[in-house]
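Next up: a single chain in structure tokens, the form predicted alone.
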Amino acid sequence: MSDERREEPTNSGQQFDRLPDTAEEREVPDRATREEVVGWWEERFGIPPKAFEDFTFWEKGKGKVWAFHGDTVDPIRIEGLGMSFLRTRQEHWKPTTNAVQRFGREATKNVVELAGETATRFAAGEDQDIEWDGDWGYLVVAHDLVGETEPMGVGLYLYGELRSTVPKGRQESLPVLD
């Protein structure tokens, strides 16, 4: 069989494939690399690469990246592996709520801290106008909890509006948070 008939590797929605470490190791076109994923978290949120050193990253489906604490065989056909972590293969990469709640404590930039009614409304999934002088795009939305900054989820800040991306099943109607 000639090499011309050989199919180009693609991603699959039926299995997890480990992200290559670098672009030089990439076989599937447009698949993010570990270096790009870790670099994105550092550039966007200031989270040091060390925070991810015990994790492997996997793609299942088009641009759905999962983080797994440890390693396993590659590829692997299972339903879930670790936590959903990041959406790539779109104009702006989007962190998941799980990832921000797990790693967001280490974020040093693009973190907006909400209090009182604004925090309560965010948890309920409401969009709201807020003043923010940082970058537009996806933010770590946090709340002070007993003197510690606790990530609540992912917000999308555009044109003076903070859009809550808290998934519907995780939205909560809370009393006003102090």
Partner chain sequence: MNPLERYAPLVDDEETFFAACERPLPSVVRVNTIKTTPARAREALDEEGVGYEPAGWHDGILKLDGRSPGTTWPYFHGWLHGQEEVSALPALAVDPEPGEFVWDACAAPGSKTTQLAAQMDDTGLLVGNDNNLGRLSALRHNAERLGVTNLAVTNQDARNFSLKPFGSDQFGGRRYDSDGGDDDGDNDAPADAAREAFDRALVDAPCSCEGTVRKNPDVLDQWTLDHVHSVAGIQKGVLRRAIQATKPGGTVVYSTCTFAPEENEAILSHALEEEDCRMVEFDSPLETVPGVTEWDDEEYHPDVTKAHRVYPHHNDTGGFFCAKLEVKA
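Bear in mind the structure is a predicted one, so any value in this text is a computation, not a measurement. Numbering follows the first chain given and starts at 1.
FYI, the form predicted together with its partner chain isn't displayed, but the following is about it.
Proximity to its partner chain in the predicted bound form, taken as a non-hydrogen atom within 4.5 angstroms, holds for one residue of Tyr138, Phe52, Phe45, Phe68, which is Phe68. Note on the partner interface in the predicted bound form: the residue among Val111, Ala32, Val38, Met152 having a heavy atom within 4.5 angstroms of its partner chain is Met152. Taking non-hydrogen atoms only, Lys64 approaches its partner chain to within 4.5 angstroms in the predicted bound form.
In the predicted bound form, at least one heavy atom of Glu27 sits within 4.5 Å of its partner chain. The shortest heavy atom separation between Glu131 and its partner chain in the predicted bound form exceeds 4.5 Å. In the predicted bound form, at least one heavy atom of Val166 sits within 4.5 Å of its partner chain. Using a 4.5 Å cut-off on any heavy atom, the residues of 79-96 that reach its partner chain in the predicted bound form are, in sequence order, Glu79, Gly80, Leu81, Gly82, Met83, Ser84.
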